[in-house]
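Take a look at this single chain, the form predicted on its own, given in structure tokens.
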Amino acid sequence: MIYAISDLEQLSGIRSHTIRVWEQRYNALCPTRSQGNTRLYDDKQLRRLLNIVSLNKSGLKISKLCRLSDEAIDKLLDQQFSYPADDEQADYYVSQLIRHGLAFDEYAFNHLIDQGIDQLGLSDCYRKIMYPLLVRLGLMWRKDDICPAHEHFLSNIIRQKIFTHINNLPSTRHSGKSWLLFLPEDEDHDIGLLFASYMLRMHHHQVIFLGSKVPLDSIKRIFSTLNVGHVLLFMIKSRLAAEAQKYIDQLSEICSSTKIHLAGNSQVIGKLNRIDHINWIKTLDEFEKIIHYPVLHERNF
């Protein structure tokens, strides 16, 4: 593929101005030029930039990195991944995972994400690596910097990892009130919901996981037969305020005796009215506090 410098900015997280400085000062990249003198980059140049960014964030000087050959950079990458991941190295992981994802390199992507999980555990790996990766993918998706195939490829591997860890949790029978997890009928991005299911199960909560695209009629039927204590849903898609409000009002009527927890698109949720009865979860830390101390938080709502 051929990329403009604006594409490299989105894929690497480095501003176009900085990329140009690196080129002029350190010969970091060697773009070709269009007839209109626009910089053009190929896959090899993109991979080199992502590698340089990764190593720079791990503490190595940009002036040194830009002078290295691609082979020398690859050796440094192998050395860096032998150390436990910290916050700086998390950015490093994200850049490399994007690189493997764009190449549809399932083996390399799996190996690297498994290494992150082994070093951090699934919870911290999701917080420090998977979630930032998904955010970056979302930005790239909205700017058409990746095709649907890339997004599906990366998302499905992450989904598989979370499913595997859910299946590995010990199975127990619960007698208390359960958590009902689902996405609205027009939503299908369920990775955040899957991770919430894992966290709840890990802390010994009973979970009824319905997944994506669930009609409100199905929620109504569940409430007529089961003892549900909490409802958790994500609203991620951009939508009209009136449409979102209508949905929340209908859901609130169905779940009138249950605590509703809502997460997702802050631009949508922030425009909702009459939601004092709903717990808007804005961060993972807030969610973890709720599942650790549910009774305390119910009193505060």
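Please read these numbers as outputs of a predicted model, since none were measured by experiment. Rigid core: the largest C-alpha set superposing within 1.5 Å between the two forms. Start at 1 with the first residue shown and count on from there.
FYI, the form predicted in complex with the DNA isn't displayed, but the following is about it.
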For the chain seen here without its partner, which of 228 to 236, 59 to 67, 249 to 257, 42 to 50 has a heavy atom within 4.5 Å of the DNA in the predicted bound form? 59 to 67
Between His277, Lys289, Arg25, Lys282, only one gets a heavy atom within 4.5 angstroms of the DNA in the predicted bound form; which residue is that? Arg25
Has each of Arg15, Val21 and Asn37 got a heavy atom lying within 4.5 angstroms of the DNA in the predicted bound form? yes
Which residues in 1 to 15 have a heavy atom within 4.5 Å of the DNA in the predicted bound form? Ala4, Ile5, Ser6, Arg15
Once the core is superposed between this form and the one not shown, does Ile278 show a C-alpha displacement of at least 2 Å? no
Can a Cα shift of no less than 2 Å be assigned to Trp22 between this form and the one not shown, given superposition on the rigid core? yes
Take the rigid core as the frame of reference and indicate whether the C-alpha of Cys66 shifts by 2 Å or more between this form and the one not shown. yes
Compare the CA separation of Leu8 and Tyr131 in the predicted bound form with the one in the displayed structure, and answer closer or farther (the difference is at least 3 Å). farther
Would you mind telling me if Arg239 and Ser6 are closer or farther apart in the predicted bound form than in the shown form, C-alpha to C-alpha, with a 3 Å or larger change? closer
